[in-house]
Ligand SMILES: Cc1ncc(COP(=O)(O)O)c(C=O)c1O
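The chain below stands alone, shown as structure tokens; this is the form predicted alone.
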Amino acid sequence: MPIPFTEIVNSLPATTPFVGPETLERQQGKIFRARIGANESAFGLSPAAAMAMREAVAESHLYADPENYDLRQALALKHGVHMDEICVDAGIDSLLGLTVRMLLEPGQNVVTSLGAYPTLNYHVAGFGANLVTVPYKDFHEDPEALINASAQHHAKLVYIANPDNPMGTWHTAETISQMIADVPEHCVLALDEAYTEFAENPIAPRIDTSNKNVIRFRTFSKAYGMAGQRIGYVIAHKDIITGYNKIRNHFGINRVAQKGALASVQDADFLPMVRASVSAARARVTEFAQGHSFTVVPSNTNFVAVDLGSTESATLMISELNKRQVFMRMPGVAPLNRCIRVGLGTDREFEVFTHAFNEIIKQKNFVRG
């Protein structure tokens, strides 16, 4: 007897957006010595958060507050909004799924960049909507082209990340503000700001929750170093937040993550330290890559895209690094996939990576430039 899947599920391939490093470790029978491909923070989490989380472990027999009241109150104070304009859930990936479910009927259109963060695409397919893509422009997402495509295809949702994943590039607050102003009336802008705390200078436009056409996505996975705890939030008009609350899993946040996130927000000294460490690590990777005559794409994230000149070279480098127990990823579509995405790891991980990279360059006779 066939399983009575829905028509949408029957139409989907048996794939997920990412193959995790643990999967590759099991396949290879080896543990990665440098795990610098998952965009995790090598700089840990706030000491205050670590302490709060240790204390919360003893309370694990208790559910988390389904309203996330204390955390939303702290976030509202941080961003200068009302707490009813914030929804907390299990990371941006989960919130993207809720966004698609909340706003899209099967067959409606979503606009994104070709090669941009793939989890949105995964949810769009999973809910039966249609994906429309526009190309990157000089390794940047193209706000003007995204808006034009949204109007042309009568899209209900348009997505951009600033800074971008997988390239690390960014647009100024003025450029994103203009994009917000140009969003068609029938469309909502999903503005993914997962990496904004890494930016050396502010690039996020002023938050205006009176605008019903914009949803701002933030996370504790990146600069706050809490990727394994799965917690993030959106900032939007209160009516949009009501929509999220109608469909979210109200007990989807674990208590340890909730307490850690609250302590992170309240630790004013932590993010400046992370930004300084990331800036120094970016400079170190840039100097190393340029020392091999490879072009480096300027980044405002915790990774650096290094242009190896061709898809073949990038694919070979990723394969050879994995063989040497260095976990790394690369963009999935041309022309972005002539780059490898070098995560900013610990001093030890950087040493492992550079040793492996040098060995591969020497053995495989890479063409520079």
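If you're wondering where the values come from, they're calculated on a predicted model, not measured in any experiment. Quick note: we count residues from 1 along the sequence shown, nothing fancier.
Below: the form predicted together with the named molecule, not depicted.
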Inset, instruction - Answer yes if any heavy atom of residue 258 is within 4.5 Å of a heavy atom of the named molecule in the model of the complex; otherwise answer no. - result: no
Legend entry - Exercise: residue 91 in contact with the named molecule in the model of the complex, heavy atom 4.5 Å: yes
Legend entry - is_contact(residue 165, the named molecule) in the model of the complex, heavy atom dist at most 4.5 Å: yes
Legend entry - residue 170 within 4.5 Å of the named molecule in the model of the complex, heavy atoms: no
Inset, instruction - Could you spot which one of 161, 71, 155, 223 gets a heavy atom to within 4.5 Å of the named molecule in the model of the complex? - result: 161
Inset, instruction - Would you mind picking the one in 230, 237, 140, 79 that has a heavy atom within 4.5 Å of the named molecule in the model of the complex? - result: 230
Inset, instruction - Kindly confirm or deny that 85, 209 and 244 each have some heavy atom within 4.5 angstroms of the named molecule in the model of the complex. - result: no
Inset, instruction - Determine which one of 194-202, 250-258, 143-151, 263-271 lies within 4.5 Å of the named molecule in the model of the complex, judging by heavy atom distances; exactly one does. - result: 194-202
Legend entry - the named molecule in the model of the complex - contacting residues of 205-220, heavy atom within 4.5 Å: 219
